[in-house]
Every structure is written in C-alpha cells, then in structure tokens.
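What follows is one chain in structure tokens, specifically the form predicted on its own.
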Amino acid sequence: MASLTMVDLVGCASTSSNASLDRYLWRKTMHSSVSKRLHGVRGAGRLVTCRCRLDSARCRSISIKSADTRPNGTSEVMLNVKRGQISLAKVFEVVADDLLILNQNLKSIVGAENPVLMSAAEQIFGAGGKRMRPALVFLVSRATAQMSGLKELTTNHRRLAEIIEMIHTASLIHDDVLDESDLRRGKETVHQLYGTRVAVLAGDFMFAQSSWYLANLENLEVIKLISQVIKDFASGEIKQASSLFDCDVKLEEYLIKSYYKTASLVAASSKGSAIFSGVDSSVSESMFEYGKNLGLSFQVVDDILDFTQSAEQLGKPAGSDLAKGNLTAPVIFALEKEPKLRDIIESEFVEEGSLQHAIDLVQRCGGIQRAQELAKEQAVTAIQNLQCLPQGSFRSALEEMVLYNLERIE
C-alpha cells in the first residue's frame, strides 16, 4: 500500500507547526557571515511548516510532482518515495560523456607531478566514488546553460568540475587521517596504505593544485566562493574536534558543522556552475540554496545510516561517529528523551557493551525517526529551489538526486 508524503512549504514570519523542532531555529547570536550563508536552513528567516503523512515501512513508490505556487504564496511539493528505484548511474546518463572527460583530465592533472601522488589518488578515485559533486556541476551547468542560450559547456564549467572533485578528494584523504579511519568505501584508506606522511602530502597537493586551477579561472566571484569552501572544511573540523562527547551540543551547531564539512562545497559548486552559464543572479542564488539543502540532507542521511546499516554496507564500523564522540542528529534528538544516554556518552564508552547500548537507546528513543524528518524537510526545500530551472532531463536529474538520497533511509 503506497503512503503519500505531502509537505507544504510556507513562507511565514514566526510560526511553525512542527513544535518539537521549533527550539532549534537559528539563534540571533550566530555569527553574521554564517547566518547569511545558512539563511533558510531549518527556518532561518523563512520558516518551514510541514504536514506529513508517512509510514516509511510501507512506502512503495517514488515520484515527484513539480511544485505549484498558490495565490497565497504557499508552494506544494508532493513526494512519493519507494526503495530501490533510482540508480545514480541512470540519473547521470545525461552527463555521462562529461564525466568520462572529467576522469581522463583528473588522471592527467594529478599524475603529471608524481607517480606516488597518482597512486594515492587512484586509491580514493577508484574506491567506489559516485562522482556526485562533478555530476552536480555538469547538471546545473547544462540546465542553466539552456537558460542563457549556450549550446555547449564552457572550459570553465569543465574546469570547475575538476576543481570540485580535487577539493573533495583532498578533504576525504585528510578526514581519514584525522579520524584514523582504516577503511573508505570498504577499501583501505590512503594513509593506511602509504602512511600518514604521504596521505597528508597527497591531500595538500590536491588542495594546492585545485587552488592554482581556481585562480586561473579568472572569475573573482567564483574564486571567492570556492576559496571559502576550503576555509569551511577547516572550520568544520575544528568545530567537530572541540565538541566531542559534548552532550549539550545543539542542533543548530550540528547543522553549522554539517554545512562547513559537507553542504558548503555542494552549494558553492552549484552556484559557480550557474555563474559560468551567465544566468541572472537570482538563479545562481537559487542554485546555491539547492546545493546547501541537498548537502545538509545528504549529511543527515549519512548520519542516520551510521546507526542503521552494517559495517559491510557502510564500508566502515557501524556507530563509528558515536564511538569517537561525534554527536550527530539522531543522538542529539535521542538525548532529549533519554537521560541515560548522556551518562553513557560522557563516560566515553569505557564499559564493555556501552557503545551498543547507546546505539540501541538512540534507535528506541525516536532519534532516527526525527532525523529522517529533518532530512526530508531539507530535501523538499532543495526541490523547491529548482523551480527557477526549465523543465527537462537536467532538472529531472537534479530532482532525482534529492530523491535518491531519501531513498537510502526508506
């Protein structure tokens, strides 16, 4: 039996029907630059009102009805979600040729300097990565190029995709070093194979190489946009390291960190793509919002899967974030309901079996379900951000990327 989720997005000043999440609206004390870039996330400025009817265990279909704007300003997006229907390979078929060119160029760019660096990069490039970020660049580029009358992508579009993938890869290599992770997508990490020294240098090289290519784009707006991402990565790591095992961490702090570590790159790459297409600034800003909301939704889903999937499915130990003291959305929600969870986390899991006990409490106390609601709200907002694009295969693919992410938790 199919179960329909209807989510109404309502622009309003100060009310939200989702009372259980209202207290997580952004604080006025948030740093102004962060507040500006995160405007709209979980109700910053434009609040989100939701009416949901969903039984995810019984959901059996997936489709999207394009949002319609009503006379009163309310936009309705209807999502009907079912497991196992969206293949990213199929979604990316419309930019498959672009991705082939990207792969060839990346090998040339990275391998030209040093065979060791090429070997390290090949390890992570070939570790089952979906190339989602460069695919996103190509999809937004082609969708917005249609609007400005471009018949083909520019050299800057293609170079931006390469830069984004290099930045992303560099961040993964460094993340694995910082997290002392032995596995990435089921394969040994670069630092596990080649040592920490080579891993750090490989990541540094890719950051430096991407910065050099970025400067050569000679577009100051895009240079500032992407340079901010690299700064955000560091800010996100510092925020995470300074709040380990902190049971008083707030949802807005988690979302800021998630923006820094994940959504910033997705948002900037989406906006940069639109800028190179020469579209109106309102369209490029909508693409930024789309990338931001998609990135946040992806991060929340990843954090849910850390509790619901096996180590084999994750390619790393289940519950690894919690074990290291990184408290994510499911834990933050569960802490509201279960005081015992605080005691276990603050003990840093010294007792045998305490980590599994904590995981069980997160699952039993509704932390997973409330995190799912959060991921879906961000997803619906992301789809609404696409209304400025023309209907067609590229916009449909961008919508399906959002739905693919939700499908992972159905």
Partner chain sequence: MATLVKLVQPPCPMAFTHQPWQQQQAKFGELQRFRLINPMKAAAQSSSPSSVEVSQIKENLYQALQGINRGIFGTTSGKKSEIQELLEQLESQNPTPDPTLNLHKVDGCWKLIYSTISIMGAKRTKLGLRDFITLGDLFQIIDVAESKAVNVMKFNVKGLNLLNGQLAIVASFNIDSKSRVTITYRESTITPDQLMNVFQKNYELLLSIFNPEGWLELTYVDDEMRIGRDQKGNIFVLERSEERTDL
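Just so you know, these numbers come straight off a predicted model, no measurement behind them. Positions refer to the first chain, counted from 1.
The form predicted in complex with the partner chain exists for this protein as well; it is not shown, and the discussion that follows is about that form.
Pick from 148 to 156, 192 to 200, 239 to 247, 132 to 140: which stretch has non-hydrogen atoms within 4.5 Å of the partner chain in the model of the complex?
Partner-contacting stretch among the options: 239 to 247.
Test of understanding: in the model of the complex, would Gln369 fall inside 4.5 Å of the partner chain by heavy atoms?
No, Gln369 is distant from the partner.
Taking any heavy atom pair closer than or equal to 4.5 Å as contact, tell me whether Glu348 reaches the partner chain in the model of the complex.
Within the cut-off, so yes.
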